[in-house]
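Next comes just one chain, in structure tokens: the form predicted on its own.
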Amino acid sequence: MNEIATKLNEIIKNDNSNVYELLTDIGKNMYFPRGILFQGAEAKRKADKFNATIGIAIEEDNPMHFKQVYKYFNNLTPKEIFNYAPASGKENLRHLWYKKMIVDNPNLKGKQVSLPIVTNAITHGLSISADLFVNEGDTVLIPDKLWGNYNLIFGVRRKANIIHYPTFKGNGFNIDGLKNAIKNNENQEKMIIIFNFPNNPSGYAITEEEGKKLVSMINKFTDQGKKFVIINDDAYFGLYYEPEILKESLFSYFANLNERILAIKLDGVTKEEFLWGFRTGFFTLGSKGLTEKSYDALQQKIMGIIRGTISNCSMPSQSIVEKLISSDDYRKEQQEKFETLHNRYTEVKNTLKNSKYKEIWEPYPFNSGYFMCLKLKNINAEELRKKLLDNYGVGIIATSDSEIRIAFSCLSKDSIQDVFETIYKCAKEIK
């Protein structure tokens, strides 16, 4: 094992040995090398005369660049566009996102968590989580209404034992289903749980009451010797349309709860800030007992993974996001976009009140996000999908043999009733 990795492991073990034991073989061996990036960052701070470290070309004290490229960027300097970003991300952006996270999650105030590291959006954050904390054969608990990419990230890449439990019980989240899934794997000391609220594909976010019950239930299992990695995929954070919803990430409650629980918060500007092509996200850690020193050690391992896979994340994307969230108009524009989506959600809710639809489908509970799902009655979802596309020019997603997902986020409010009426008509023809 590399000497740097050994020292990082000792720091983590001294603060919280449980977190060290949660690390994978890759995680324990990972480190950020004292190579070009490290030496270059040091030179950037101290080399005030000449800096011959980083492999970029300089022209008139700016990164060399084509004018034909630069003309497409407004209000950004060449250094904000063409330079390499640090492996951990732009420092100011990380601090800005941390402040935003505290504002949006008041229960984090006063808790010790890591400074967010910039990732290439949430998929990248999930992949880092898997590399750091999911060994082959580890148990990963995910509800059966899930984003399919989890199977590739945790199942195919890391060969985890993925266990699904029913997402819903009645009109709410199936807390007992998760509890039983944990109980049924009593021989597993370590478990990874993925929470995705608002959920893709169902569009459901837990209520405040459900959140409290979830946190309490999982915490009780630590008394039986369980250790948990709680991954909070907060891709659709903030898009909450009903008053009873828990409007904070569960990360706020798990972060400093127990030394046997490591919480991870994955954020992205993708859905939350409507910047789908920017591929910028954030990775934050929290556990009881971890100090600034041990958080830094874990971050060095995350930076090592970034260095060893994509090297660093996009500089222009980070520079633009940095300006966005420090803008005076940021929250105002964010609220305007929220209202647009909220109105579409309300239109879907009103449309589904038509009693004739009960013959064809039953909607799953939804209250947030971009999507909602329908449970079809004696109709094959793939057959319906193809017929809608071929005969009516309407696109939907078949998530199983009997379930379809509808992204109301990309439908105008005026078109929503027509879309559901078309689905109903097509389904009647099949039935």
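In case it trips you up, residue 1 is the first one in the sequence shown, and so on. If you're wondering where the values come from, they're calculated on a predicted model, not measured in any experiment.
Omitted from view is the form predicted in complex with a further copy of the same chain, to which the following refers.
Peer 1: Within 4.5 Å, heavy atoms only, which of L115, I163, V215, L275 is in contact with a further copy of the same chain in the predicted complex?
Peer 2: Of the candidates L115, I163, V215, L275, L275 is the one lying within 4.5 Å of a further copy of the same chain in the predicted complex.
Peer 1: a further copy of the same chain isn't shown here, but in the predicted complex which of E359, E333, E209, E91 has a heavy atom within 4.5 Å of it?
Peer 2: Contact with a further copy of the same chain in the predicted complex is made by E333 alone.
Peer 1: Please identify, from 223-231, 145-153, 287-295, 171-179, the stretch that has a heavy atom within 4.5 Å of a further copy of the same chain in the predicted complex.
Peer 2: Only one stretch qualifies here: 145-153.
Peer 1: Is it the case that S311, even though its partner is missing from this view, gets within 4.5 Å of a further copy of the same chain in the predicted complex, heavy atoms only?
Peer 2: Contact check for S311: yes, within 4.5 Å of a further copy of the same chain in the predicted complex.
Peer 1: Does at least one non-hydrogen atom of G304 fall within 4.5 angstroms of a further copy of the same chain in the predicted complex?
Peer 2: Looking in the predicted complex, residue contacts with a further copy of the same chain include G304, since a heavy atom lies within 4.5 Å.
Peer 1: Would you classify N29 as touching a further copy of the same chain in the predicted complex, given a 4.5 Å non-hydrogen atom cut-off?
Peer 2: N29: yes, in contact with a further copy of the same chain in the predicted complex.
Peer 1: Hey, in the predicted complex, is D401 touching a further copy of the same chain, heavy atoms inside 4.5 Å?
Peer 2: No.
Peer 1: Go through 61-94 residue by residue and record those having a heavy atom within 4.5 Å of a further copy of the same chain in the predicted complex; state none if no residue qualifies.
Peer 2: Stretch hits, in order: P63, M64, H65, F66, K67, Q68, V69, K71, Y72, F73, N74, N75, L76, I81, F82, N83, Y84.
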